[in-house]
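Shown next as C-alpha cells: one chain only, the form predicted alone.
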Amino acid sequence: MDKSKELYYYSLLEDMTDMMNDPDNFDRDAFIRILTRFAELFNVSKGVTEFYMSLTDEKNGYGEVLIDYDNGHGDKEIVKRRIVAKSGVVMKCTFYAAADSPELPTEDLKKLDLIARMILGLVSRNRLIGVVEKLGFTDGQGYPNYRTFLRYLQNVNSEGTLGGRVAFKYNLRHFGLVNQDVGRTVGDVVMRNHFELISSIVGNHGIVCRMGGDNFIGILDKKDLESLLAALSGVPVVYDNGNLKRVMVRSSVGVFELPDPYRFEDPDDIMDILMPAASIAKNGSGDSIVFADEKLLKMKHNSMMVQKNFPKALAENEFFPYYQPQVDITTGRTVGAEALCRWKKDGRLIMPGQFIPVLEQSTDICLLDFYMLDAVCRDIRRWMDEGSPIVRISVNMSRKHLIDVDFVEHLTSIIDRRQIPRDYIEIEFTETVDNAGFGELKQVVEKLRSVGIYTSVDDFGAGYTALALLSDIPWNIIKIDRSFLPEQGKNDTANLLPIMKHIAQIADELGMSTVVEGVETEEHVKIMRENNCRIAQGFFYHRPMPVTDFEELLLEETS
C-alpha cells in the first residue's frame, strides 16, 4: 500500500473510531459510507455481519444477517472473524472479493481483520444495549413493563405535557377462568390481542404497560378516554382468526384525570391517587370503573395514618376488645361472644372499618390478631381468677396466617401462657370468594380441632364459596351472614331464605352449630325459629360492648 493510501486508511480508521466512541450520535448511514470506502480501498466486493443468540441458533440459521456492502462480485472469502461470547452469543464478520482479484498482501489482510474486529465490537455494544433495554423495560412475554411506564411518565413530565391526560390501571376480571376454559396457551393469545386493542386506542399519544399477571397500567389523551373505557368495560377478543372464535374480556379500571397544568415531583404522586381507585374497582362490589376523587384521597390519607401510627399504637396498648354477645333465642341467655377490635387514640374511638382493611394489606393484621387473642385471654384469666361467669369467646384471624407454617403453635402458645382452657377460645376465619388457600385452611382447622380449639367460618354465604367449605373442613360453627335476613321494611331476601334453611340443615347433619349474624328485629328472630337456627348475634339483643358492660351482663344472667 503506497503512502497516500496508507494515510487514507488511517484517516478512515480515525473516523470509524470517533463514531464508535460516540454511541449517542451514532449514524448508521455514515458508518456504511466509511465501510464502503474501506471496501473500495482494499478491493472488497462484499461485507457481511451476522449475529446469533446461541450456537444452536447459528447452526439452524436463526439470527440476524446484515450485508453492509455488496457490489455483486463477492465470490471468494478473504477475511473472516468469528467471536463466541461467554453468554453464548455468536458474531461473525466476513469480507469477500471477486474471484479474479489478486491476493492481498499480508499487511492488508491484517488491516481488514482489524476492521472486522472493530465492526464486531460495535455490533456487540449495540446488541448489549438492545438486550439491556429488553431485559430492563420488557417482561418475560415481551410486554413493556412498569419501568417503561415510569420512564414515559418522567419524559412527558419533563416536557410539561402531562396536564389534561388520564392515567389508568386495569385488571382483566376473572382471567383465570379464561385460561381454564380455553387453555393457558390460547389465554396468552387472548391477553396479547386484548393488549394490542387497548394499545391501538391509546395510540401514539400515550402508553400502556403490563405490571404483571393480568394487571396493566397506562396513560392517554383525555379525548380517547371514552373509547378506552368502552373497550375495558367488555369487548369480544378473537383468538382463532380462521374460525373467528372469540371470548368476552372485561376489566376493572381505576382512573385518575390529571389536572391541567400538572407536574409531579415524584411518579408516586400519580400512583398514590390511582392505585386506591384501581383497588376499589377490582375488589369492591360496585362499579368496575372507579374514578379517583376527594373521597379516595381521604381514604389514602387515612391509610397512611394507620400505617404510620400502628406500631406505636400496638406498643402502647391502644387496641382492646369489645364483646358482642351471642344469644340462645330459646332462653334469651348469653352463650358466647365475639371479640371485636376497637382502637382508642387521643381519646377518640376508631372503628375497625377505618383500620382493619388497611392492616389487611400487609402482615400487620397478623400482629393485631395475636394481640387481640392475648387481650381476650387476659380477660378470661381474670374472670377465672375472680370466679366470674365465663362463655366461649370467638376471635377473628386473617387468612394471611395460613402462610405461617407454625401458626397453630404460635396461637396455642398465647392461650397456654395465660393458662386458659382451650375450649374457651373459638377461632374465626372469614369466607372468601374463591378457593385460594383452601388446602391450607383445611389443614389449619383440622389441627386447631385436634388441639381442642373451636373453629368457625364467619360471614358464610356472603361470597360464592362451594359447599366443599362445609363438607371438607371440620368446622365447629357456621356463622350465617346477615345478607340472608331482610332489611327492615323490605322483603328482598325471599329467595335466600330457603338457602339459609338448607345451610342450617346441612350444618346440623354435619354436626356443626350455627350462629346467625345481623339479627336486628323481631322478624329476624321469627325467621331463625322457622329455620331451626338457635344462636343469634346482633343489635336486637346486644351491640358490641366494653368488657365491663359484658361482665355485668353475664353476672345479671347468672344471679
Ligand code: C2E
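Remember, it's a predicted structure, so these values are computed and weren't measured experimentally. In this text, residue numbers run from 1 along the sequence as written.
We do not show the form predicted in complex with the named molecule, though everything after this point is about it.
Is every one of Met351, Ile365 and Val519 in contact with the named molecule in the predicted complex, taking contact as a heavy atom within 4.5 Å? Per the other structure, all of Met351, Ile365 and Val519 touch the named molecule.
Scan Cys341, Leu153, Val247, Leu411 and let me know which has any heavy atom within 4.5 Å of the named molecule in the predicted complex. So the residue touching the named molecule in the predicted complex, by this definition, is Cys341.
Exactly one residue in Arg482, Arg192, Arg173, Arg378 has a non-hydrogen atom within 4.5 Å of the named molecule in the predicted complex; which is it? Comparing distances to the named molecule in the predicted complex, the residue within 4.5 Å is Arg482.
Candidate stretches 352-360, 215-223, 182-190, 103-111, one within 4.5 Å of the named molecule in the predicted complex by heavy atom: Of the options given, it is 352-360.
Using heavy atoms and a 4.5 Å limit, would one call Ile473 a contact residue for the named molecule in the predicted complex? It does not: once the named molecule is placed as it appears in the predicted complex, Ile473 has no heavy atom within 4.5 Å of it.
With the cut-off set at 4.5 Å between non-hydrogen atoms, does Phe539 touch the named molecule in the predicted complex? Contact check for Phe539: yes, within 4.5 Å of the named molecule in the predicted complex.
Since only the chain is shown here, I'm wondering whether Ile478 would be in contact with the named molecule in the predicted complex (any heavy atom pair within 4.5 Å). Output for Ile478 is no: heavy atoms all beyond 4.5 Å of the named molecule.
Does the named molecule come within 4.5 Å of any heavy atom of Glu428 in the predicted complex? Output for Glu428 is yes: heavy atoms within 4.5 Å of the named molecule.
Contact set, 387-411 vs the named molecule in the predicted complex - heavy atom within 4.5 angstroms: Residues within 4.5 Å: Asn396, Met397, Ser398.
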